[in-house]
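First comes one chain, alone, set out as structure tokens in the form predicted alone.
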């Protein structure tokens, strides 16, 4: 990988240990992804925030580099942490977790990172269309590449932090202006799709793409999807493979590929059907409980439109069991001013900022046996990382079954 003279100097340690470490990470990442060079970015979004995921070792690392003067060079925002500081005392998380999480937040703040604590930066900040960014949150990376007109690699926690510190990122396939042909087209043919269906479509497409960085989707268009469905699709795809982008193509643009034909020797992409049977198989994989002890909405977190829509759908009804609603703090404050928060609380919701359904200690196996959710991403992580069962159903069905 070609480096400019100033980059070579930083890699050699001429600008300090922290900058040297950051360039080492970028060079290793670039070589692994066949990047030809590094390019400037405008924005980095970091994972590696929740104490539940990075633990004491991660907290110590961040504290070490922040105390030694590490600073970010571009706008840098953060993924969710493990709790809402306004209500942390209600949940009995333990002193180690609370102090460790606070230390992580303090370290990032010392480095100049915006305390956004959100997995939907594309909803709470203006997206720079056509610009290069470095997003570690998988749903945000896919959303940026597929809907928002920005370009990002599917960054790791380390590579995104290195990009924030240097203002650079490897110029890999996903960053190039020319559209590369996908090896796989997934044709959407499931009937009467809701947000759960689109989450399953993303999950299915990401897995079928194998190790490819992008996949084509036919049978549906962005204009036919609402914000909830778009986010669900990005969240589902982010959990099931390395794919970091999808492109909508019209019927007939699959270049003649036949369903299940593997592409053959013609060089044409393989076309795979996502029909009702395929959707059922995904649901059977992730739907592991008959009912949940608690309802969790917000993976990805809810934006302002979704908060308004949820309140409108409730129409005076209340949840019969505990319902946790996760959103960014900026959204919670907007919703509070519009009286959405009070309305949702009257309906039995706990509105929580700065955290989300995924990997939250608020929904650990020590607190609940199963969770009801409409999130494919949440279902994947609760089943596979948190050891919590999942009652998976679309929002309309949750409201039908769980309110009165």
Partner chain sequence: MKVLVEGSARGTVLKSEMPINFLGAVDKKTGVITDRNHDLYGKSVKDSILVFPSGAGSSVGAYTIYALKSGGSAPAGMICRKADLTVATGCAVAGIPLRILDSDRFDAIKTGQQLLLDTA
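All figures in this text were calculated on a predicted structure; none of them were measured in a lab. Numbering follows the first chain given and starts at 1.
Below, we turn to the form predicted together with the partner chain, even though it does not appear here.
- Contact here is defined as any heavy atom lying within 4.5 Å of the partner chain in the model of the complex, and by that definition not a single one of 115, 118 and 303 is a contact residue.
- Partner contact region in the model of the complex: 132-140, out of 132-140, 294-302, 220-228, 312-320, criterion any non-hydrogen atom within 4.5 Å of the partner chain.
- Taking the partner from the other structure, the partner chain in the model of the complex has no heavy atom within 4.5 Å of any heavy atom of residue 341.
- Taking the partner from the other structure, the partner chain in the model of the complex has no heavy atom within 4.5 Å of any heavy atom of residue 328.
- Although the partner is absent here, residue 101 lies well away from the partner chain in the model of the complex, with no heavy atom inside 4.5 Å.
- Using a 4.5 Å cutoff between non-hydrogen atoms, residue 383 counts as a contact of the partner chain in the model of the complex.
- Contacts of stretch 191-205 with the partner chain in the model of the complex, defined by any heavy atom lying within 4.5 Å, are made by none of its residues.
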